[in-house]
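Just the one chain here, the form predicted on its own, laid out as structure tokens.
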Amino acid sequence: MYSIRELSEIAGVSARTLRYYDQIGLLKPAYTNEAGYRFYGEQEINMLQQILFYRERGMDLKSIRKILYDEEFDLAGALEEHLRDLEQQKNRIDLLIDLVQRSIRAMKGVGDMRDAEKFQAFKENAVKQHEDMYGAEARRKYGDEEVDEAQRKVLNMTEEEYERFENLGKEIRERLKEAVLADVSPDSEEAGRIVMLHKEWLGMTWKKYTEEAHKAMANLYISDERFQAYYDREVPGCAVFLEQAIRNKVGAEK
């Protein structure tokens, strides 16, 4: 059994954070003595490890609590999932390391590297990351042909197209955060502008844009925790805002 100070030291998490986790019901101590001191056992240690794994993967505390306290939560299965995610991260990092090494050799005149190759690794990385995280769900929903075509479109983008694609994604996330923090209505003009940017962003990879598919994609942002975490990683509520904005705006002008 560990005191809150001891657990703080071995886990590298401040006592203040542990008290906050207790306050929001994310990690309760095994027991609290009459003097109010918290103590943690093996079960709590395992739970804290899971919390830190999910935090490392970019999940917000609300989503983590929902996962950990689900009746079907399986600790061994969660560890296997973390391992797969870390292996995928390692593969992406290895790809970027190779790109940097080749770029250095090219700058030193040891090897040759075409301009297109300088960006190919980033595109391949983005495609692989999307496939690892969302591929199975996307293929079930839209079919292999649609997903494969979307990936081909990304890989075939020019440097300028890919830069626009990346900047669009960043702008959408930034505007969503600002809108949620400012308590903007999903039916506002700003929400409409975000939806149009989102439409352009999707259109850069989709074989054919349809309003029905846009709304179906928006529904994934609130029904699938992986998609939701993509938009809620910094400010909770962004995914819900985007889904509502798309539902309000797409097809509304007809």
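Note that residue numbering follows the sequence shown and begins at 1. We call the rigid core the largest set of C-alpha positions that still match within 1.5 Å between the two forms. This structure is a prediction, so every number in the text was calculated from the model and none was measured.
The protein also exists as the form predicted together with the DNA; that form is not presented, and the subsequent description refers to it.
Peer 1: The DNA in the predicted bound form: within 4.5 Å of a heavy atom of each of R16, A35 and L61?
Peer 2: Affirmative, all three are within 4.5 Å.
Peer 1: Just give me the single entry in K215, K28, R55, K66 that has a non-hydrogen atom within 4.5 angstroms of the DNA in the predicted bound form.
Peer 2: By the 4.5 Å heavy-atom cutoff, the listed residue in contact is R55.
Peer 1: The chain here is shown without the DNA. Which stretch in 37-45, 185-193, 216-224, 66-74 comes within 4.5 angstroms of it in the predicted bound form, by heavy atom distance?
Peer 2: Going by heavy atoms within 4.5 Å, the stretch is 37-45.
Peer 1: Give a yes/no on whether Y21 approaches the DNA to within 4.5 Å in the predicted bound form, heavy atoms considered.
Peer 2: Yes - in the predicted bound form, heavy atoms of Y21 and the DNA come within 4.5 Å of each other.
Peer 1: Verify the contact flag for S3: yes if a non-hydrogen atom of it lies within 4.5 Å of a non-hydrogen atom of the DNA in the predicted bound form, no if not.
Peer 2: Yes, S3 lies within 4.5 Å of the DNA in the predicted bound form.
Peer 1: After superposing the rigid core, is the C-alpha displacement of E234 2 Å or more between this form and the one not shown?
Peer 2: It does not reach a 2 Å shift.
Peer 1: Would you say Q244 moves between this form and the one not shown, meaning its CA shifts by 2 Å or more once the core is fitted?
Peer 2: Stays below the 2 Å threshold, so no.
Peer 1: K153: with the rigid core matched between this form and the one not shown, does its Cα shift 2 Å or more?
Peer 2: No, the C-alpha position differs by under 2 Å between this form and the one not shown.
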